[in-house]
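Only one chain is shown below, in structure tokens, and it's the form predicted alone.
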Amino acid sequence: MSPLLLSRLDRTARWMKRGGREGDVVLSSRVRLARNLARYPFPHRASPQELLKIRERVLTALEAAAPSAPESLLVLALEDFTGVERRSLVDRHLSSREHIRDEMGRALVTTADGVFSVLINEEDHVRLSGVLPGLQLDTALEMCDEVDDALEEFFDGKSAFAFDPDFGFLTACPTNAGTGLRASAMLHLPALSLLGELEDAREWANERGFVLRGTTGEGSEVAGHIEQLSNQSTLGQNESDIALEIENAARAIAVREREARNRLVEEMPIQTRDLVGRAYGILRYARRITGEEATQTLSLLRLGHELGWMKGLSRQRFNELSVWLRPDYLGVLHSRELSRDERAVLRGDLLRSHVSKVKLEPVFEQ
């Protein structure tokens, strides 16, 4: 396997690093703007020739917009990479399974640290995305808006995008029509889950027009107690208002999670220490571990870290490990396709090497 993909992308994405508001609960913030070129069919209806033409036009526009866009944009044509390399982009939250399924005419344009990216010919012709650590939706929106304005200028105004005076920007999925904006925050909610209060948080979010679900969107499973909070509609709303509402909702859920963590310690001290201690033992000594078990136990170890029960791993390292242990990213790290058993062994090696640095605090033994 070519090492090209890994050599062009930073091993540690910007969202994994320290910083950002509400960082004990909010892992990252993402803003995504969907746009489509007028006079071209949506990607699922376009021919291979049309997809290639759309990609060419968008890449030309991005190059022309370079003075306004983030520096050092990398162009990754999906047909240039192996299957495991393309799948690893999903592990890194840079692409989607739908985007990599048919590589012809598709591309990812991204900064090496993943803070800004453009999906070409996914569900829509163009999807601008900004991802930052912690709760920084306002900054992520500014980043995407700047590039969106530059593209609009290059394409000679909104008339070059699929736009309707009544409905706003038109998108392949009707729920994205209007601003074309999806704002989301990734939240680590182990205490709410352990106390059985996560469904209450889901209902609270739903009543306010938001959705709390798995990290890869609709229908996805929740792994490692990480949930994605996002808006459900964009029609008739202002972009800045949507981002602000998601920020306020994320803060409110973060308060719930912190209160739940305190109650775990006060009301279930032995059970909580048992869960964290067992997670530590598995990650510290396991020689083979599945992705599901690794994700779950790493989440519990992170809970112990946030409760002040241990030192040795930072929030950044927890974020990094949550990606590095994934099946296809492991394959890219080792430059080959891996069998299920090979992944289990290499994942165990990876986690042991880092968890061996953890030092349990005296308070954990109380």
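Note that the coordinates shown come from a computational prediction; the quantities given were computed from them, not determined experimentally. One rule holds for the numbers: they count along the sequence shown, beginning at 1.
Missing here is the form predicted together with a further copy of the same chain; even so, the following discussion is about that form.
J.: I'd like to know if residue 204 sits close to a further copy of the same chain in the predicted bound form, meaning any non-hydrogen atom pair within 4.5 angstroms.
T.: No, residue 204 is distant from the partner.
J.: Report yes if any heavy atom of residue 155 sits within 4.5 Å of a heavy atom of a further copy of the same chain in the predicted bound form; otherwise report no.
T.: Because no heavy atom of residue 155 falls inside 4.5 Å of a further copy of the same chain in the predicted bound form, the answer is no.
J.: Does residue 161 reach a further copy of the same chain in the predicted bound form, with heavy atoms at most 4.5 Å apart?
T.: Contact check for residue 161: no, nothing within 4.5 Å of a further copy of the same chain in the predicted bound form.
J.: Taking heavy atoms only, is residue 292 within 4.5 angstroms of a further copy of the same chain in the predicted bound form?
T.: No.
J.: Ok, 208, 258, 97, 278: which has a heavy atom sitting within 4.5 Å of a further copy of the same chain in the predicted bound form?
T.: Partner contact (heavy atom, 4.5 Å) among the options: 278.
J.: Which residue, 115, 282, 177, 226, is the contact with a further copy of the same chain in the predicted bound form, using a 4.5 Å heavy atom cutoff?
T.: None of the other options qualify; the answer is 282.
J.: Taking 274, 286 and 360 as the candidate spot, are all three within 4.5 angstroms of a further copy of the same chain in the predicted bound form by heavy atoms?
T.: The answer is yes: all three residues contact the partner (heavy atom, 4.5 Å cut-off).
J.: Would you mind picking out the stretch of 139-147, 266-274, 97-105, 194-202 that comes within 4.5 angstroms of a further copy of the same chain in the predicted bound form, counting non-hydrogen atoms?
T.: Within 4.5 Å of the partner lies stretch 266-274.
J.: Does any residue in 340-366 get within 4.5 Å of a further copy of the same chain in the predicted bound form, counting heavy atoms only, and if so which ones?
T.: Counting only heavy atoms within 4.5 Å of a further copy of the same chain in the predicted bound form, the contacting residues of 340-366 are 345, 360, 364, 365, 366.
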